[in-house]
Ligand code: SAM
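Taking the form predicted on its own, here's one chain by itself in C-alpha cells.
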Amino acid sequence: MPPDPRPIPLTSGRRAITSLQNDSVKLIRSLEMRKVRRETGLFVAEGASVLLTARDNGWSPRMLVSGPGADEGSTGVALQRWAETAGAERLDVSAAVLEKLAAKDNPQSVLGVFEQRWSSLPEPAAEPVGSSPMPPLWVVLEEIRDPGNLGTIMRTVDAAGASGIVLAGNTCDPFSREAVRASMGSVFAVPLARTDRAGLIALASGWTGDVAGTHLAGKIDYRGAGYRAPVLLIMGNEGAGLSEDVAAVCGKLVRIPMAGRLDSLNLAVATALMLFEIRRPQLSL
C-alpha cells in the first residue's frame, strides 16, 4: 500500500510527512531551481550548525524539516524551540523523504527554509556595519559565476570582519544550495547587496575612500598599497577579470606577485589574500 500523503498531526504544531506529494515537500524540492527561488524569495539551508548560525544572527525559519533522530539532544531541542517561537512550519519527515530533500553529498538530517535578505548598496561615505569597530570594507564581485567561490568568499568576508558583499552584473545566486553550503552559515552573517554595472560604476565614482581592484596590468604590489578607509575592493569574473569600464574607475589597480608559471589565482583565494592584507592593521592574535 502506498504511503498516505496526508500529514499526521503531532504535538506543538509539528507534522509527520511520509510522502513526496506533500505540498511543503514539493515546494522545498522546487527550491533547487533558481527561477523558483527568485519567484518565492525563499532558499534552503542544511545542517544543525548552519541553522544555529542563522538563529544567532537573528534569522527565523519559515520551515524546519527534521529527519529521524534529528531533534534528539540539546541542539535538536534548541532548534525546535527556535522554530516554534518563530511560528515556523515544522515537518518530521521519513528517511525516504529526507533523502530527496537533502544534498546528495554529505546529507544532513535537518534543514530550514528561509526568506532571502538583500541589503541596500553602501553609501559612498560608508559607516561601520552594526557594532563593528573596524573601518568599512566592502567587497564587490563583478559577474561572479561559481557558487562555490561565492560561498567561500562569504565565509572569508565574515572571517575578516568585512562589511558586506555587492554582487554586480549577471552573477550566480548567493542563495543557491551550493553557495549556502560553501558559506558554512556565513550567508546569515554577511550583508548582500546587488547592482548592475552602471550602478557599480556610479558607486565607485562617488566612493570617498580607496577603490581597489586586482588586475594583471596593476603596477602596485597588493601588500604595499596603503589602503585608505572606507575601502571598496572590486574583484572580477573568474575567467575575464575586471571589465574595462570597472577597471577604469578603480583608483588603485593592484597585483598579487607570483613566482610560478601561472599568472592568476582562484577568485576565492585572491579575494582572501586581498581582504586579510587590507585588514592586517586591525587583526591580531
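The shown structure was predicted, so the numbers you read here are calculated from the model rather than taken from an experiment. Numbering starts at 1 and follows the sequence shown.
Same protein, other form: the form predicted together with the named molecule, not shown, and the subject of what follows.
In the predicted complex, the named molecule sits within 4.5 Å of a heavy atom belonging to residue 267. Among heavy atoms of residue 258, some come within 4.5 Å of the named molecule in the predicted complex. Although the partner is absent here, residue 237 lies within 4.5 Å of the named molecule in the predicted complex, judged by heavy atoms. Although the partner is absent here, residue 50 sits far enough away that none of its heavy atoms falls within 4.5 Å of the named molecule in the predicted complex. Judged by heavy atoms within 4.5 Å of the named molecule in the predicted complex, the contact stretch among the candidates 247-255, 65-73, 51-59, 36-44 is 247-255. Distance criterion of 4.5 Å from any heavy atom to the named molecule in the predicted complex singles out 215 from the list 215, 194, 90, 177.
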